[in-house]
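Have a look below at one chain only, the form predicted alone, in structure tokens format.
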Amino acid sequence: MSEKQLASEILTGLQAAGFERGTARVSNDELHELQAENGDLNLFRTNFETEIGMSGILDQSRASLSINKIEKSVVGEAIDNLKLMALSGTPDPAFDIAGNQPAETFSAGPKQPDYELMYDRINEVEAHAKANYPILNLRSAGITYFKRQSAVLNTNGVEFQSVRGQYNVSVSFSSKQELATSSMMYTGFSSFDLDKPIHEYTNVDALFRQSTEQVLTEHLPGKFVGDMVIAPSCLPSFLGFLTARLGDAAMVSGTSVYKDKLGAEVASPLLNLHSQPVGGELCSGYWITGDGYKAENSVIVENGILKTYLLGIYGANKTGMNRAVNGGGCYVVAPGETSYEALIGQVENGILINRFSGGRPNDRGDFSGIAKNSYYVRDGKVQFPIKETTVSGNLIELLKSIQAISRECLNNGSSSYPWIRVGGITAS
């Protein structure tokens, strides 16, 4: 039975159970994973899994659940459980499903894995690390080919089918020289192909080199308030405060600091933030929103001005505002006009942060955490790797304090980010 056929049968079952509106999602996932640990290829596995998601609205009450078995008896029992959940739920007229849209089929990426190339790329990155960075310990290197074939149908006539295949690569590493060791670092990317060696994608090779430098770290000269250059891999730790407060949960509860900021300045005029799940430069996108609408690309922040919230059907109905054309993610920050060298060269006193470890900021945006795998910058030059250092500030003000954005960007398949320099950060 195809994904579409199974989803159609589920909808029939939902309607027979009395649901006025319903949605069914059926996905067949295929995973092929090759992994090496500490220089030894030790894992090769293949896994197939079916995932079924169903939701329904009954007397203005909504319920949803997921199962991973396709037997008729299991699906029937799930529909019965879904009805019990809906009957015990709290009615809300804001619950709804996607309206009718033209049926479409989407496809992207390779349809099957290239095992030999996966094997060669793993051996290649191991050999590269050993030959060029003798003190580097490549703890793990893995390549996963993942393909999802799915169908989304609802009782309003929505009918979307899709298939996407891609490679996901991950590496983790640290360095050791005599008794000195660097902090563990990791990185990864997604791609439709493996046309290049792993160390030539994104900034993998640069991170290998930095790891070997970071075996010998120094304390900051002292506590200071200065600049922070945020590396692309670290940028989600700071942009996430903004994007997390644009969705249904924060907007419906009224706790978002951005609840009345549509059309207002929320960041420096240098910042342009997009969500690009469709086409474009990212391979890890999506065609269908969680609510069942065909996804579109959007501008979230334009020249520092907030242009859209990330509301789904429920959030839009509850707040009386427009539904977003996508569900966020697949973020792209437009490059700036400053080279990376100039970005660093303009720092009088600050740090270059590659990894941030900290708790969740409070609702006012105050944050504090540890800068890891990072560097001290003084008088426009990177001075030395620093020991784990506390950095703190306010994320609302951080976005407004952006001083420069690099021309260079790193695209890891899921996002594309430049280096960004901000001011007013306390480092100690």
Partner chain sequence: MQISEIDLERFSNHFSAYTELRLHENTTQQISLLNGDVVSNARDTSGGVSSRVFDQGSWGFSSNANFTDDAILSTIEASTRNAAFLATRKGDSEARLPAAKAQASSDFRTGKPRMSQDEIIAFLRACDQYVVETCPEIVSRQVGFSALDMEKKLYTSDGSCGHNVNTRSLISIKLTTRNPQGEPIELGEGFGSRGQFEDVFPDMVEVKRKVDELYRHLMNKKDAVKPVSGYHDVILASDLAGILAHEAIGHTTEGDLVKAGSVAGDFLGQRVASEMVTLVDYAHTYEGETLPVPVYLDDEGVASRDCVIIEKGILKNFMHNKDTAQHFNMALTGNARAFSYTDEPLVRMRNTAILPGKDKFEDMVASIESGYLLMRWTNGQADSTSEFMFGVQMGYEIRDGKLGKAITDTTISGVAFDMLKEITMLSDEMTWNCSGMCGKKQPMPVGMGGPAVKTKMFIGGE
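Residue numbers count along the first chain shown, from 1. If you're wondering where the values come from, they're calculated on a predicted model, not measured in any experiment.
Heads up, the form predicted together with its partner chain isn't pictured, but that's what we're talking about next.
*Asks:* Are all three of S150, L270 and G329 close to its partner chain in the model of the complex, meaning a heavy atom of each within 4.5 Å?
*Replies:* No.
*Asks:* What is the one choice in T155, N137, Q101, N297 with a heavy atom within 4.5 Å of its partner chain in the model of the complex?
*Replies:* Looking at the other structure, the residue within range turns out to be N137.
*Asks:* What is the one choice in T202, Q276, S183, N317 with a heavy atom within 4.5 Å of its partner chain in the model of the complex?
*Replies:* Selected option: S183.
*Asks:* Any of the heavy atoms of I402 lying within 4.5 Å of its partner chain in the model of the complex?
*Replies:* Residue-level check for I402: no, no contact with its partner chain.
*Asks:* Does the 4.5 Å heavy atom contact test between D379 and its partner chain in the model of the complex come out positive?
*Replies:* Although its partner chain is absent here, D379 would stay clear of it in the model of the complex, with no heavy atoms inside 4.5 Å.
*Asks:* Heavy atoms within 4.5 Å of its partner chain in the model of the complex: does Y309 have any?
*Replies:* Output for Y309 is no: heavy atoms all beyond 4.5 Å of its partner chain.
*Asks:* Look up in the model of the complex whether G254 has a non-hydrogen atom within 4.5 angstroms of its partner chain, and give yes or no.
*Replies:* Answer yes; at least one heavy atom of G254 falls within 4.5 Å of its partner chain in the model of the complex.
*Asks:* Counting only non-hydrogen atoms, which stretch in 329-337, 169-177, 155-163, 102-110 is within 4.5 Å of its partner chain in the model of the complex?
*Replies:* Stretch with heavy atoms near the partner: 169-177.
*Asks:* Taking only heavy atoms into account, state which residues of 24-54 are within 4.5 Å of its partner chain in the model of the complex, ordered by sequence.
*Replies:* In sequence order, E33, L34, Q35, N38, D40, L41, N42, L43, F44, R45, T46, N47, F48, E49, T50 come within 4.5 Å of the partner.
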